[in-house]
Each structure stands twice: as C-alpha cells, then as structure tokens.
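In structure tokens, one chain follows: the form predicted alone.
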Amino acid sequence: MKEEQRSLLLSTTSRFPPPPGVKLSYGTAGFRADAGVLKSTVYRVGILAALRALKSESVIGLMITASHNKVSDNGVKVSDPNGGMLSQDWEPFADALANAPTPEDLLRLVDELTANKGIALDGTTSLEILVARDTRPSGESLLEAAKLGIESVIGAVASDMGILTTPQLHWMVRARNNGEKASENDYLEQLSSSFKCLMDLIPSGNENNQVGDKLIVDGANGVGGEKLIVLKEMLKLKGLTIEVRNTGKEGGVLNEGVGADYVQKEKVVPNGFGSQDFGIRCASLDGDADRLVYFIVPSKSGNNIELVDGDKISSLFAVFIKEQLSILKKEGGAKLSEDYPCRIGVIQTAYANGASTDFLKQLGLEVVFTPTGVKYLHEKAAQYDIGIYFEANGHGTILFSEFFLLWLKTTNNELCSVAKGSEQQKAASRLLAVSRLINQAVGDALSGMLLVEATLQHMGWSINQWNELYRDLPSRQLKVKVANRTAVVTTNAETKVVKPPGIQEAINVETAKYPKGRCFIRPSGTEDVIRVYAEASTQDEADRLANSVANLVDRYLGVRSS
C-alpha cells in the first residue's frame, strides 16, 4: 500500500471509532443494528465496497436500509456486480473490517486483503460505487459516512443515487454492468412497459373473469409507497385502479403496525385498513420494498385476515409459467427449428408450508430445498433455466438463464415470421415480458406485485380463487433460549439434526403421533435461540407438537424455553 493511501485511510478511519462493546456480523441482511452505533460500520463497509469494486473491475452497490426493522434501526449491505448479494467468501473480511478495534488493525486487514486478492491501490483504475438509502431519518448521515469510506480508497468514486428501494439499487448495479441504461426512470419504464405488454396479451373473451378492478396497497410508511405512487401514474391502466395507503406522508411511522412483515407474522390488517376493504384485493410492501404479501379482509368485522403469502405467490407464478411453456411446445402449432428442454425448478426452505410443496409436486414441477436465507435460494434458482423462489415472508423472484432467454428470443423472432399472433408466439412474448418485469437481481415487491396483477388478470382469478389453490396446513413457530446455539448442528437443508445425538430420533417419535405431522429445529443465525417449526392437520395438534419438541430442546440442551 502506497504511503498516500495509508495516510488517507488512517486520517479518515480515526474519525469513526467503533462503539465499545459492539460486535456485528455480516449476514443475508448485511449489518443491521440500532442506527446510533452504525456510523463506524457503515464507513468501513464503504471501504469494503470500494475494494470489491476494484477487485471485480465492476460497478458495485451499497444500500443503507434496515428493511422491515423498526425506524430507529438501520443497516448496510453491498450489491455485487450481478446485482445480487455480496459474495459469501467476502463476508468474513466484512466482519473483520467492521470489528477492527483500531485504525492500525484496519490498515493491516486492508493490506492482507489487497495482497491476497491482488488488488492494486495505485489509483490507475477508477470505479464507481452506487450508494442509496431508504427513508429512515438516520440514513442521510450514515450515507455520508459510507461515501467517505468509499472515497478513502484511491480509485473509488461514490455516486449518490438518492432515496431508492433496495431492489432498485440492485437492479441499477446489474443494468450498469450489463451496459444498459440504469437510472431510476429506466427501472420504472422497464416495469411499466413489461407490465403493459403482459396486459395486452391477456386472452380475450373470458366471461368468467373474477379478478376485480381494484388493488389497495400498504406502503409500510416507507420508500416503496413513494415509488409506487410514481409508478402507477406511469401505468395509467384501464380496468385496474391501485390505491396506495401508508405512504409515509399521512404521519405514520415506518413499519409500525404496517408492512409485509407485520401482516405476515401477526395475520391482522395493517393500520389504515379495515371493514371498508371487505372483498377487495389487498397487498403489503415492507419498509424497503423487497418483500410482498397479499391478504384478504374476510368479513366486515374484526381485524383478522386471510394471508396470501410468498408460498402462494410462488405457486401462482409456477402455474402461469408452466402454462406458457406448455402452449409454446404444444403439438399442432408452428414447428420450431429447435426444441429446448426447459428445466424449471421451484426452490423452497423448510419453512415453506407442506401443502404448497405437495401442490407444486402435483403440477409435475421439480421442488428442491435449501437452508434458510435468500442467498441460498437465489444461488440454487440460478442453476435452472427458470428458477422460482419465494420465502413465506414474501421475499423472492424468478430467474431466467441467459441460455434459455437467448433460445426464447430466437424462437419468438422465428414465430413472428411464420405464425405472428399465434398462441405459441403470444406465449413466447409473455415469457419474455415476465423476464423483464420480474427483478433478475433480487426480490422486488413492486415488480412482483405487477406480475401478480398481470397473472391474475390472465387467469381471470379473484384473490379468493388464487388463495384456494391449496389450503395451508396449520403451523406453529416457537423459539427456545439456549446458552450456545452452535450446539445444534443440522443437515439436509436444516430439516435434520445431527448434533446433539439422539434429539432427532426423539423429534421423530413426537412427530409420528400426528397425522401430516412435520417438525424441525434450527439454530438462529443472530441470537442464542433454537427455532422450532411444526405442522399438523389441526392447529391444536400443531401447537402440541411444537410445544413437545420445544421441551425436548430444553431437556437435551439444559436450557429454559421462552
């Protein structure tokens, strides 16, 4: 490291001492904590992003957000060149950098990384890091710390993209590295044009259309509500009215009694919703608009809802895409010069409701499981020609392989020349529009919502018909306090315990007592608790199974449950 670079890092790092007694770990959500202790961490993630950009020789993203957390929290995470999350092999360095106690320790870590990765800090390369934040009051000062961290690395330039949803920033990074236009307006234009294309391709003459022409969206008093207002003005659709509530302008607090996380976990209406919404399709975004759930107000009294979660979103998309592939390859249509055996997979975690897994398998689809965490789901989905993943919390997307998209574009052009306007050609056009509408970088509530709306219009389904694709098995989640969560080691996508010995056999005995019983335990990634998930035929049975297994954890690990 040249002396100029060393002096620059020393002078800026000394302005951001790490808070005493605070140790943070980089996970799927990046770093996340109370905003008051984050300035040092965010500054150092700026250094991390700069080094990642120099190593990859690509544009990198840095987002200031705490998603569905309370407004007093904040966080920071890095977007890799493909628009996805930070490469997992850089996470240990992120931890070490954030927790380095002194400026000298930080310099030593930077020296080690640049030597190991072959990164030259000589200023010969200039690379851009796109930075953005959500609407939290703490975001502005934290973003300034991130920019200072970035620009303390010679050759790195911070570009402030302003207030964005997390998926917008990820989309911009991916687009910029693909040589495409990458402004916020370009993002909104791509979503609106792709959505309009799908709407124009809806089959005509569907006399049984039950969709309904109104959608009410809970914006979680966050950035997603703001952006949706702009987007809906661009759409200007006939036959679909989008009403946005909880935009943050009505005096509500971010994620307080609102948002996808609140609705999904509590299963009650968010603030601003109630009996007046009986029979109307409703949806909730989360604080940074990367999660989406739908819900139904089932009666004119009470606050309970019928939740239409990420499993149902995944199933809806799977039905639609499978139908388009079947049309595209049906016998008696235009003869294609090359048949492509598209491999479609639906990726789930053990938290996916068992009824959704059964439904997808009955459709003839390949269903595979990964450990909990979007980074695992995304990585697995990328192995398919079309990979669909949504967690139950509503975070997910659909990935299309480059090879399949090339075949699809070629096929569409071929069909346009020999069978323009045929059902096959329309199916190819729909799939291409889906690939442009749904965010290929990361879960995106706005793009996912538009795809849900287009799919329901295509199928002619009301939200109740969609919800009745299958009935969720009753479930219960509990957590048990432990002294050391690492005492529990799992395998098989976290569904089986290998340590401590004997506990999995005991769980199997308890589970076998209940028809359709399913239960697993896994250690939390952030706190010393063991999470218990149970399903059974009735809610009472699911509750009893969960409690009996929580007692097993207590007994085997010698701890007190909570």
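Between two forms, the rigid core is defined as the largest C-alpha subset superposing within 1.5 Å. Worth saying up front: this structure is predicted, and the values here are computed from it rather than measured. Start at 1 with the first residue shown and count on from there.
Missing here is the form predicted in complex with a small molecule; even so, the following discussion is about that form.
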Students should find that, of Arg291, Arg133, Lys312, Lys227, the residue having a non-hydrogen atom no more than 4.5 angstroms from the small molecule in the predicted complex is Arg291
So in the predicted complex, does any heavy atom of Asn393 sit within 4.5 Å of the small molecule?
yes
Checklist entry - Is Ala29 one of the residues lying within 4.5 Å of the small molecule in the predicted complex, judged by heavy atom distances? => result yes
Evaluate Thr41 for contact with the small molecule in the predicted complex, applying a 4.5 angstroms cut-off between non-hydrogen atoms, and reply yes or no. no
Contact test in the predicted complex: Glu527 vs the small molecule, heavy atoms, 4.5 Å | yes
Q. Is the small molecule close enough to Asp218, Arg281 and Thr397 in the predicted complex that each of the three has a heavy atom within 4.5 Å of it?
A. no
Of 48-56, 498-506, 512-520, 64-72, the segment with heavy atoms within 4.5 Å of the small molecule in the predicted complex is residues 64-72
Q: Could you check whether the CA atom of Val532 moves 2 Å or more between the shown form and the other one, using the rigid core for the fit?
A: yes
